[in-house]
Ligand code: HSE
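Form predicted on its own, single chain, as structure tokens, below.
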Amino acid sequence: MTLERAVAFAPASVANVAIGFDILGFAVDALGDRITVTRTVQSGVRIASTTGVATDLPTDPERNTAGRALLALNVAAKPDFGFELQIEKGIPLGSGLGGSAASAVGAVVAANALLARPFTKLELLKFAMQGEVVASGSMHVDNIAPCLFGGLTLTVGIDDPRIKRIPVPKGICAVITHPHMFLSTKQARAILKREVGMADFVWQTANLAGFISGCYTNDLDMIRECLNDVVIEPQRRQLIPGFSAVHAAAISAGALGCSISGAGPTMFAWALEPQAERVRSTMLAEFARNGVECDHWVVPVESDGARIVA
């Protein structure tokens, strides 16, 4: 039976996870975008509407993350029909929660359900990557991969990406705090240095290896020791009011680690379930002391990725 319409939910995501710049991320099912794709007689891609927390997105598919991703799928699929998009944004723009990636992923997942010969998830990943270029100016998958595949994911490569879902020890939660402010990905990437010192390179490499090893072996002490970004976080912390106080409060409250979600300003912490609520309350209290209001969630790290919901 051929579907005429499909609705996909694409979750938010935390990119980088402190020590995996552009290669690590995990899905956040507490919020996401809903993308409706409908078959049309006229060929091509059309954006019919944008609703939700962001309504002023470009309607030109070439300038819209969901539209650009779907254009890439359309070229590859060559269907005898067109696609009409309705975008319901549940992820604030400039939040560091993968809003652009979610729109791109949701579009290709919904459209894929309308095809007689659906693409694989890896093929959908490559289409969605085209959409990410619109938002950030570069092709990276640290938001797209967890949004599409779910859970904590490691991505190796761009032209021929390899995706590995990393197991997370039981009992670990993610505390997410989203300050009510906008921070563009392009701005946050523009301030980064183009070179990394040898000592920091070795330290960050060790932290990434130790963190992944800790996840596979349920070694919480290793995760706690290694969930520490010595390269990107020191450059970006200045963009988030009260960052140092919030970070210190989370660690004092028992967090395994705390850092910036993607380009920010959202911050995340990993904590065991018994400490998660205390970590959240202390992070919020420090933001409040700096005059910053936040949305906040405590979520499992292990979660589903994008999926058809109607």
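Quick caveat, the model's predicted, so the values are computed rather than measured. Heads up: residue numbers just count along the shown sequence, starting at 1.
The same protein also exists as the form predicted together with the ligand; that form is not shown, yet it is the one meant from here on.
### Query
Counting only non-hydrogen atoms, which stretch in 36-44, 277-285, 259-267, 53-61 is within 4.5 Å of the ligand in the predicted bound form?
Contact-bearing stretch, as computed: 259-267.
### Query
T153, T185, T177, N112: which sits within 4.5 Å of the ligand in the predicted bound form by any heavy atom?
Flagged contact: T185.
### Task
Evaluate D22 for contact with the ligand in the predicted bound form, applying a 4.5 angstroms cut-off between non-hydrogen atoms, and reply yes or no.
Flag for D22 set to yes.
### Message
Can you tell me if R189 lies within 4.5 angstroms of the ligand in the predicted bound form, counting non-hydrogen atoms only?
### Response
Yes - in the predicted bound form, heavy atoms of R189 and the ligand come within 4.5 Å of each other.
### Query
Just to confirm, R236 within 4.5 Å of the ligand in the predicted bound form by heavy atoms?
Yes, R236 sits close enough to the ligand in the predicted bound form that at least one of its heavy atoms falls within 4.5 Å.
### Task
Check whether A10 has any heavy atom within 4.5 Å of a heavy atom of the ligand in the predicted bound form, and answer yes or no.
Taking the distances in the predicted bound form, the answer for A10 is no, it never comes within 4.5 Å of the ligand.
### Query
Out of 139-164, which residues reach within 4.5 Å of the ligand in the predicted bound form, heavy atoms considered?
Contacts from 139-164: H140, D142, N143.
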